[in-house]
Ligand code: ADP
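A single chain comes next, written as structure tokens; it is the form predicted on its own.
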């Protein structure tokens, strides 16, 4: 026997309340998560519709008391059914409760206040209106506001409600008094909040070069042959015009009566991306992001459902836009780690997009100048179709990249964060009235220890990742738990210049302003972009040349196009190279390459200065040469050697509790269960998480490597069964993360 958990309302208030029904034999093959079914409900047994959100073999009460499903709804609401089916896929593949998955895929559940456009329309003909107006004037005491409103309506015939109560200062009670007399009628039209702040100016047709046209033709030819459910990797060097390819494919999608989702990794990218798309497609484009109010987001999803917009642009959550006729999902900068959710379900937007596209027979296009190792490997094996843009548009040259060895700077007495070469280059650009971007690579800055004299980094002897500094002056590995004392001198060269890197963007800003007092300097980081339009305002100001130097973290180097930027300085380029994470070389290559790609995008050639303590590292050298394939070949060899994704898959299990012994006990019990149930399983841990205690919650981690992803799902399922049945350690919580993008 099988049972279905059914929700009768997918609003926020009802998501946690499900009702269990028996699945009859004749419907066993037809009922699945996402199905809309007809069920008897309440004492009278009236027939209503509901959505199946989960299926199990365990009854929650006496079987005799569980009513059977009556049938399948013939006019099922396609989009709600599809999103619930997608939630079930996420629950299985990433590990979470069904409610967690549902609240992710249906992000705007609670109906918001509807915005209306009301208009006051004069019903009286000209003669009657004049009679009433004259009679009003004949009274010694009459309302001046009533007189003003009637005169205005006689002149204009209809006036917006907001103008009357706002600009004219007339109260709503006077308007309703006119309505009661039958003089006017009030028409109401539903309007939507529009968060886009750019004006529409049609750019005309997209003009493609031969590389761009070839990429588009491959996709469109597949569509013409009926082969629409494909995933393409659009690999193009920085400045090669990937956005023009996106726009051509969006144009073709809309011409075929389909809708499109465009994912971007950062809110900071929204302004330029939406500006370009809106100039091309007008009000068919909308956006969704976390800076918008709940009412604004609700309206955008309502516009998508009604067909008022056909292109939704936004970060990860835009993937769940309720389009009923989805044709294409584009993921720009697909390598970005922000596409991986850090809360349950810890889904990856790339894999989830492919799953949703399969449900719609739609296309996925992944675009990047520095593709993730996972995506490029799949393109190499034929799982994805590879599209290449090998040259910049208009044959503009790639920027000249110079590597500066910071060890030499220290030896020569320069202890500034700015190398001598970079200082001279900044001065030169300021004299030429050109713009400069200074990128401080702080990703991975979590207590690693390195030597400023020789560049040596203290690493784990077992995992080939850097050790992180913890309390008690101890260095620990986040993967295997290895621990050692923090050395006072460098074990490689004996230098006393060993420790962590502490400079931040604010400190860099102070140094730059002191050294170049006449320069106009802007800073873009979490502190300066807290406002709703913080990213947009800074980027707009820099694009308008209201600043000479822009200093920032990784948010300034992703996808932005500033033609006047001719110099990019990358400060401490190898900072992310020393993170205690096997992705560190990949992220370093991506960040350096993306940062370098901001230079020389206009008519003037660009120069990039890369400052590093490890000038010979393959990720730094490959980035300086803008040579992705050289980097990939070395990185995939390392991943295969260590069995790291994508050569194998990894499951991280995090156990948390306010009681440390309970967290450890639950984690040890999970490892014992898995070792007992499965042969030759590779469990590492349990060990302390990178942050062993957070807000008085103790955290223990277990890592499992496996080449077959389905086996990891089996391990997760076995642990979930154990957690449901176990009464021990009830105060612990257990979380799953498949192919984690960051450690814990």
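Numbering follows the first chain given and starts at 1. Here the structure is a predicted model, which is why all the values come from computation and not from measurement.
The same protein has a further form, the form predicted in complex with the named molecule, not shown here; the description that follows concerns it.
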field: Which of 431-439, 120-128, 652-660, 390-398 lines the interface with the named molecule in the predicted complex (heavy atom within 4.5 Å)
entry: 390-398
message: Looking at 322, 265, 241, 606 here, can you tell me which has any non-hydrogen atom within 4.5 angstroms of the named molecule in the predicted complex?
response: 241
Single option in 639, 340, 248, 601 placed near the named molecule in the predicted complex, where near means a heavy atom within 4.5 Å: 601
query: Any of the heavy atoms of residue 233 lying within 4.5 Å of the named molecule in the predicted complex?
result: no
query: Even though the named molecule is not shown here, does residue 417 get within 4.5 Å of it in the predicted complex, heavy atoms only?
result: no
message: Can you tell me if residue 537 lies within 4.5 angstroms of the named molecule in the predicted complex, counting non-hydrogen atoms only?
response: no
message: Against the named molecule in the predicted complex, would residue 485 count as a contact residue? Criterion: heavy atoms within 4.5 Å.
response: no
- request: Just give me the residues of 21-47, first to last, that have a heavy atom within 4.5 Å of the named molecule in the predicted complex.
  value: none
